[in-house]
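Listed next as structure tokens: two forms of one protein chain, kept apart as structure 1 and structure 2.
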Structure 1
Amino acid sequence: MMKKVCENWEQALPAGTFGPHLFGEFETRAKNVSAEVFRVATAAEAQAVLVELAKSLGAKKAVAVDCPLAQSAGAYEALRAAGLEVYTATDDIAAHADTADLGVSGVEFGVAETGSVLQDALAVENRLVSTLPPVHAVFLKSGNIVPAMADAIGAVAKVFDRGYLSFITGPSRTADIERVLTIGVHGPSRFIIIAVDETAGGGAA
């Protein structure tokens, strides 16, 4: 079982205010900062998006962390079927993250105000797949969107006793030379959000 700061983030989200109705704003904000957003209805479609992405990248190697959405989508088997080496075991991730073409993981919720997603990053695997490869793709439940940063931190405050959390907002960037915005410094140059309406258990979000 992978280490997490919180086993059930949904319970920490502000009841009554989070939900798929905020997805539109979230998507706009995320795209404004160069995140690529794909919203799909079912896990099966999520799998297709991921495979399509890997193909378009010409990716040969992926490091991926298991998460319920990826599991129900059978996403990693599909990547393998498409011809990629896919590493999911901890020591494999450690050995291959730096040379992989693609990192895949799950995130807990999104923030409409900023287009950010929260990654429960206590597990070192999550941090490796999201920092080292040039492309990072995440699975997100499209219903898990909170209105604002204040709500997001409110949720964090409820459960964050110890560990590592990261809000991720678009790809890695810098403007340190002549203030020219340049994407992809130390982290990924592409950040892809695959948002799934269907919940991991099979029901609608």
Structure 2
Amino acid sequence: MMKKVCENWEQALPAGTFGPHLFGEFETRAKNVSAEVFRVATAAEAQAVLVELAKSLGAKKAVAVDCPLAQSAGAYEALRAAGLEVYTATDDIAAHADTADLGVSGVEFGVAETGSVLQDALAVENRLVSTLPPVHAVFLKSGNIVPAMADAIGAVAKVFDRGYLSFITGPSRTADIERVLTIGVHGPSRFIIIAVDETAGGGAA
């Protein structure tokens, strides 16, 4: 089983305030920081989005971390059927992440205030797929949206003991050379969020 800081993040989210009603605000803010957002109703539709993305990239190789939504969608089998090499074992991800065309993983929740997502990055494979390939796509439950960063920090405070967490806000960017904004220098130049209404078990997110 993949190492995680928390096995059930939903229990840590602020009861009564998080939910799909915040998705519109989250989507607007995420797009404002150049994330690409696709909201779909079912896992099957999520699979189609991922495969079309890979085809549009002309991708030949992907590194992918297993997550419940990807499993439910049969996402990685579909990428293989589309002709991609897909590496999911930790050692394989470490060996191929720097030459892969596409990284795929899951995230725990989004933040409406900033358009950010939180990734439980205790497992090294999550850190590899989210930083080395030029394109990073993530699966997100569309109902797991908290209102503000303060709520996100509150959720983290409930469960964090040790390890790594990543807040991802759009593609990698820097302006440390003469304040000229440059995308994709220190990480992926494209960040794609595939938000799924259906849960991994088939219910509503």
Partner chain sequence: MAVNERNIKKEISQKLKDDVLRGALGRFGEAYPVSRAKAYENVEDIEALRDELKAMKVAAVADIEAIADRFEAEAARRGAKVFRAADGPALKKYLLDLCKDKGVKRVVKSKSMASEEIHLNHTLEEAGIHVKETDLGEWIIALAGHTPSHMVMPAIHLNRQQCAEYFSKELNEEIPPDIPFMVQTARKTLREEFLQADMGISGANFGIAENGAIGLVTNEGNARLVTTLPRVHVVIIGYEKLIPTVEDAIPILRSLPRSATAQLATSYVSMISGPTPTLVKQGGKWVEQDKELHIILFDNGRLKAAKDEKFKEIFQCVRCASCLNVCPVYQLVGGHVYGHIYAGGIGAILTAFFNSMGDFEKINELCIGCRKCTTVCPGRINIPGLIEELRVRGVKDHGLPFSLKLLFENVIANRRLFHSLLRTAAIGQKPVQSGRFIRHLPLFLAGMTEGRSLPAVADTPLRDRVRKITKKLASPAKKVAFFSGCNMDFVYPETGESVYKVLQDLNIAVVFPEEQSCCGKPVVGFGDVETTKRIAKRNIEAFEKAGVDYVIAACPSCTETLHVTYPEILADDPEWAERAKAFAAKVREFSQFVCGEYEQAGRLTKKPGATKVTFHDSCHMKRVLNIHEEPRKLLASTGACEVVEMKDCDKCCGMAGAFGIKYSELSAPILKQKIENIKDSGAQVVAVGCPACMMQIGGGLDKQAPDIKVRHVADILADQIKD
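Please read these numbers as outputs of a predicted model, since none were measured by experiment. For residue numbers, the reference is structure 1: its sequence is counted from 1. Rigid core here is just the name for the largest C-alpha set that superposes within 1.5 Å across the two forms.
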**Message:** Deciding between structure 1 and structure 2, tell me which is the form predicted together with its partner chain.
**Reply:** 1
**Message:** How about residue 161 - superposed on the rigid core, does its CA move between structure 1 and structure 2 by 2 Å or more?
**Reply:** no
**Message:** Core superposed first: is there a CA shift of 2 Å or greater at residue 52 between structure 1 and structure 2?
**Reply:** no
**Backbone CA shift between structure 1 and structure 2, residue 179, after core fitting (angstrom)** = 2.5
